[in-house]
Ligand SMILES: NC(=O)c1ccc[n+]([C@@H]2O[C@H](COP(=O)([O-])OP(=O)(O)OC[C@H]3O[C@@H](n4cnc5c(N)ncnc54)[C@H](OP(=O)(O)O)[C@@H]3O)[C@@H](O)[C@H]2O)c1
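Shown below, as structure tokens, is a lone chain in the form predicted alone; questions about how it binds or moves come after it.
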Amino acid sequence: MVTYRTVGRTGIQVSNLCFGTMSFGGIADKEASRALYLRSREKGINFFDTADIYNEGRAEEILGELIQGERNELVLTSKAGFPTGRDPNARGASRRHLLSSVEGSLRRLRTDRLEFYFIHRFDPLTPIEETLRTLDDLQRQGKILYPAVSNWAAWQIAKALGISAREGLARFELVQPMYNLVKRQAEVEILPLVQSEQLGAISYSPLGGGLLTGKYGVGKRPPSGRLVEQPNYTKRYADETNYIVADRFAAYAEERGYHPATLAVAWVLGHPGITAPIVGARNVEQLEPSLAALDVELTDEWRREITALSIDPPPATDRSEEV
């Protein structure tokens, strides 16, 4: 069952699963998107994640239609940073782009504010100070309640937290890293930072783009899916070791009578630094195994057993003999 957790030190209560709308307006048409939204709400999910680039803004538009009548019961996030057009200024974390982007997201979502607003990726062309001051202004205007950050390195997040403290600016309160059984880099520095600084964390790709659903393995590929159809996912999980882990994990889940997707999401949910994994799907049937993770009572010992199926990332200092 859904339980509710506080995002960092904000006081905002969110469901322990977040629904990600990247499929809305893409592989999930309007009807399928509605069914996914309603099923999520039926399970008690109040937390929805989107971005301005998801299907060229269509995901935000569809979500905006769906939330009418219950907006105040929901916690919404959106993001800016990736290119939204050919204009060289239609990207990044500059003041110019963020002010324009937030207005577009609010319009498409038919809302007056976003609970959390993510910088979608690091912008090497814009000083962090400018980005943080812009987010602080947006918070003061009530257009966003809290700044958030995705796909930044731990040192970049830590630097931003220091600047915010020094300058008296609104700080990042929520972090969104990639995290799953084969992509565990977040354990090295990002999640310890989250726990140390009392930040919230919603992680994406708990299923590894489908890798951890039982459909993939050494020499095993389905006829369709992100890892075979989308070059960025193919590249992200190209290392053959990932498929060895996928095989081990699928066998483990089958032995214990669980769908691999259920255990994969439950494993992420079990990390003490994670507020909520982000789950998504193309249809309700595909979503169900992820939702079933809510009913798995994963003990610490059980989680360690699953963790042992994968490969530990090296420690931040590379002094593994002292760990």
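Start at 1 and count along the sequence shown; that's the residue number. The structure presented is a predicted model; accordingly, all values stated were derived computationally and were not measured.
In what follows, reference is made to the form predicted together with the named molecule, a form of this protein that is not presented.
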Q: Pick the stretch from 279-287, 62-70, 250-258, 38-46 whose residues have a heavy atom within 4.5 Å of the named molecule in the predicted bound form.
A: 279-287
(Q) Exactly one residue in Lys143, Lys183, Lys215, Arg171 has a non-hydrogen atom within 4.5 Å of the named molecule in the predicted bound form; which is it? (A) Lys215
Q: Go through Pro83, Pro192, Gly225, Gly104 and name the one with a heavy atom inside 4.5 Å of the named molecule in the predicted bound form.
A: Gly225
Q.
When the contact criterion is heavy atoms within 4.5 Å, does Pro147 count as touching the named molecule in the predicted bound form?
A. no
Q) Is there a heavy atom of Tyr243 no more than 4.5 Å from a heavy atom of the named molecule in the predicted bound form? A) no
**Q.** Thr131 within 4.5 Å of the named molecule in the predicted bound form, heavy atoms
**A.** no
Q) Quick one: is Thr126 in contact with the named molecule in the predicted bound form, heavy atoms, 4.5 Å cut-off? A) no
Q: Output the sequence-ordered list of residues from 18-33 with at least one heavy atom within 4.5 Å of the named molecule in the predicted bound form.
A: Gly20, Thr21, Met22, Ile27
